[in-house]
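Below you'll find only one chain, the form predicted on its own, shown as structure tokens.
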């Protein structure tokens, strides 16, 4: 029986932040992840040529105070890499819409419908509204269905119509001593890797938590590796379904509440292409289809490389891998054989609806007095900063 001061389950940004706060407080931390790599949605693919691209999260901002606290504590501020000007481009009927950003967007919108909707901007509030009900009032239902809906669904890589409108975008204070938009020089997975190498943190990969139960002095976690671990504090940085399963014996009310959080699946295909093969495609931070089998394409273009370009296609679930690969290649005017470092990833993301904030408040009340920290991307929002803030707050609660 291995004993630690804290056990953290889940290797993504939420688990990384929680493990870092625990280790910084002088605790001996065991950090377990069921896959063979740390990072979760911070999934950086690195090629033998030294090129890298992201399959998941791709951008940080100087408003990410909780995440910057971790980066500063890890000594990673010198590794920040500025991201260049963003170019949002659109795909319509298989072709690239001329222009980028607001110019391309304005070209696609019905101007008369937009003008008729403009008076509704006065006094418009997001609270209590879905993404669809709020934004369709501002631009018109036709404009929303044709253009704005696909843009907003590209943000969480799923249909965002039923999302609470006030969860999608947030205003935060900015740090003026940090570049406005950044990644890291070797990709965002560097963050999780640095936490895993931090003093006081011990990592277990390929170890899924199967059972959590209460014992004298704390909790026992049984892993798929056959190991049993004990600690007075446990952190769960996992999906709602996994959290519900693990909480059944130690916090049944919280388990039931977590089970009510809806989830969505995103199937991503990423790859690198020599620059010469895609010289016909202008720089594009995001490619957003108005109607296709994928939600968005995110590129490595904001951090340009002289020899390579990287692409990640975020597909709706259910399409076989070969068909996804063929569709991605066709969008770029290539054949599947032109793609290198091809990698796929299946991600489970929360899909919140109206009432989600009340559900989270009920969940927090159910955990009062418990030394189980519950964190992830399904509380205040999906961004890296939302995850880092939740983990910081949960560590303060259970360590207090």
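Positions refer to the first chain, counted from 1. Note that the structure is predicted; figures quoted are calculated from it, not measured.
The same protein also has a form predicted together with a small molecule, omitted here; what follows describes it.
- Site annotation in the model of the complex: the residue of 207, 233, 284, 251 reaching within 4.5 Å of the small molecule with a heavy atom is 207.
- Across the options 51-59, 22-30, 334-342, 355-363, residues that bring heavy atoms within 4.5 Å of the small molecule in the model of the complex belong to 51-59.
- When the small molecule is considered in the model of the complex, residue 349 lines it closely, a heavy atom lying within 4.5 Å.
- Though the partner is left out of this view, residue 41 does reach within 4.5 Å of the small molecule in the model of the complex, counting heavy atoms only.
- In the model of the complex, the small molecule sits within 4.5 Å of a heavy atom of residue 34.
- Interface membership of residue 157, defined by any non-hydrogen atom within 4.5 Å of the small molecule in the model of the complex, is confirmed.
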